[in-house]
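What follows is a single chain, given as structure tokens, in the form predicted on its own.
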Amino acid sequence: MNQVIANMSASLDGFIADQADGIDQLFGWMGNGEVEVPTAVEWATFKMSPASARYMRDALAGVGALIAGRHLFDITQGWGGTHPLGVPVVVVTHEPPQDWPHTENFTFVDSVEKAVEVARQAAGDKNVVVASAKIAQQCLNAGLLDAINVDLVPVLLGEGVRWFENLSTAPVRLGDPAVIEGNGVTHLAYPVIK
């Protein structure tokens, strides 16, 4: 059965973006190496360390659908109609965009429960990735997350957008992580103990 996995790059102090939603300090590891990792879109070919490239290739191959929130959808401008993962995207929103032309790749729903249901169907036997802070929090609160994967970047942002700041079910226990060390990043994969 597929898993629902929250995945983000984060600073050591727990931020997934700066106060202006900037990610420059957190995504440098995706371009600091010599191994190319192509994605579904030409503008998003990564150059990573060998360890991060192996990790990324395995992750990309295992993803069948993505869940995002409306805020992320808006700031990325819907990734131009195709997410770099090249998989169906389910956007949680109470106000779907008007006249969105890319309905073959995007589905808009009004709850995390519905998002997980739709994404799991779309993913088949592959995993569902949750790539939005508020949606990941809501999934965790609802008991819908199976794992949390963090690409931990050695920087302290001091302030910004926290990944998990509004948990109604804390404390949440996680299992021992799988650990992969890359250049400028440590990839950690934690199972959620249910």
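The numbering used is simple: start at 1 and walk along the sequence shown. As the structure is a computational prediction, the values presented were derived from the model and not from experiment.
The same protein has a further form, the form predicted in complex with another copy of the chain, not shown here; the description that follows concerns it.
- Taking the partner from elsewhere, E165 is found to have a heavy atom lying within 4.5 Å of another copy of the chain in the predicted complex.
- In the predicted complex, another copy of the chain sits within 4.5 Å of a heavy atom of V155.
- Put simply, I23 is far from another copy of the chain in the predicted complex: not one heavy atom of it is within 4.5 Å.
- Proximity of M30 to another copy of the chain in the predicted complex falls outside the 4.5 Å heavy atom cutoff.
- Proximity to another copy of the chain in the predicted complex, taken as a non-hydrogen atom within 4.5 angstroms, holds for one residue of I135, A147, M56, V150, which is V150.
- Contact annotation: another copy of the chain lies within 4.5 Å of heavy atoms from the stretch 157 to 165 in the predicted complex, the single such stretch among 122 to 130, 39 to 47, 59 to 67, 157 to 165.
- Residues of 165 to 187 lying near another copy of the chain in the predicted complex, listed in sequence order, are E165, L167, A170, P171, V172, R173, L174, G175, D176, P177, V179, E181, G182, N183, G184, V185, T186, the criterion being any heavy atom within 4.5 Å.
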